[in-house]
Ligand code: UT7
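Before any questions on binding or motion, here is one chain by itself as structure tokens, the form predicted alone.
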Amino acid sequence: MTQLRTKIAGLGFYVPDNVVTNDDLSKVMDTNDQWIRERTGIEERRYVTRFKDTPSTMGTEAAKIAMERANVGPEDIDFVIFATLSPDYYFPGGGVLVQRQLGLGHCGALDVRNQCSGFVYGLSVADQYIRTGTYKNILLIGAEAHSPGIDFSTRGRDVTVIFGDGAGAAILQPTTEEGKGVLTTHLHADGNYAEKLAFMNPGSHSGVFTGQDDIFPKTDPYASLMITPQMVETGQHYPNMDGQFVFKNAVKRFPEVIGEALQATGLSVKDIDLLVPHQANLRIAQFVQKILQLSDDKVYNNIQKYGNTTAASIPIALCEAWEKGLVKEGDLVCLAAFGSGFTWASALIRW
């Protein structure tokens, strides 16, 4: 029996028109261009335009490009996987909204909440469906709109300067071509550090199992509510991050999960033609590049232009690299991500 693998038949990405520079941010918080560049490598990012862009609408625009490049229409899509940490609504998820906007009929729609690793997790899920012959045209989207929910004050600058908005999409199809397609995927998580990089409020935790009784005291009369006056007063309704702790874990897990993929396929770092890491922080990517001893032409980074777009960062970067001719037939492409959860993942693709 012929073995099915998953190929990427089409890629597309969309970023909002609104370009926000480091100098723009310095006007609303105590920061500056040099401070941001030295810590993150970011020069600018894109923010959504009100009444125009949402995660689902950006995902839809990216999907249209990917579908055209894959030569498929709405009637061909038989499953949607939508990865985001910033959905249009608390519920329902963005997958059904994209389904409606593209007119995809009644195909299934699955939402993935694995943050920075969301696109690779989604790719792994799609790969299983395609390998088993369940679906033939899967639309995989990573989309984020961070800007409506971050703290534009000096208090929140460590998080706010990092993130941007955008979406990337891929059409995944079966292939029987020997040695081509998704070769392997590897997924991991460690919930012990869930609160080190998190957006907890509004939430339904009621102050339980956060390990932060000082933030959610048992005497709080509003403790069972999604959001309380105390949370707003102290800025707890914004994302929080222990940057140094995240950095130390990221630079450990990236090489590990890449090595795991290479070992599973009998390949080595020297076989990688292009590494597309999640665009978390340019310093993390450079550190990992140094550990793996990869030359500059073997690692693609675009965080300088778009910031950290979480689940959208890998498909945006992969699509942009492909458009520039940096991904060619026969190339071995490695995708790797680390982020909130903690979750981390990798994939090896023979183009």
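When you see a residue number, it is the position in the sequence shown, counting from 1. It should be emphasised that the depicted structure is a prediction, and the values quoted were computed from it without experimental measurement.
What follows is about the form predicted together with the named molecule, which we do not show.
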Interface stretch in the model of the complex with the named molecule - options 68-76, 232-240, 161-169, 137-145, non-hydrogen atom within 4.5 Å: 161-169
Consider the chain as shown here, without its partner, and state which of Ile258, Leu274, Leu104, Leu197 has a heavy atom within 4.5 Å of the named molecule in the model of the complex. Leu197
In the model of the complex, the residue from Lys64, Lys305, Lys298, Arg39 with a non-hydrogen atom within 4.5 Å of the named molecule is Arg39
With the partner absent here, would Tyr14, Tyr129 and Gln173 each sit within 4.5 Å of the named molecule in the model of the complex, counting heavy atoms only? no
In the model of the complex, does Thr31 have a heavy atom within 4.5 Å of the named molecule? yes
Using the partner position in the model of the complex, report whether Phe247 sits within 4.5 Å of the named molecule, counting heavy atoms only. yes
So in the model of the complex, does any heavy atom of Ala280 sit within 4.5 Å of the named molecule? yes
Decide whether Gly10 counts as a contact residue for the named molecule in the model of the complex under a heavy atom distance cut-off of 4.5 Å. no
Within 4.5 Å of the named molecule in the model of the complex: residues from 108-127 (heavy atom criterion): Cys116
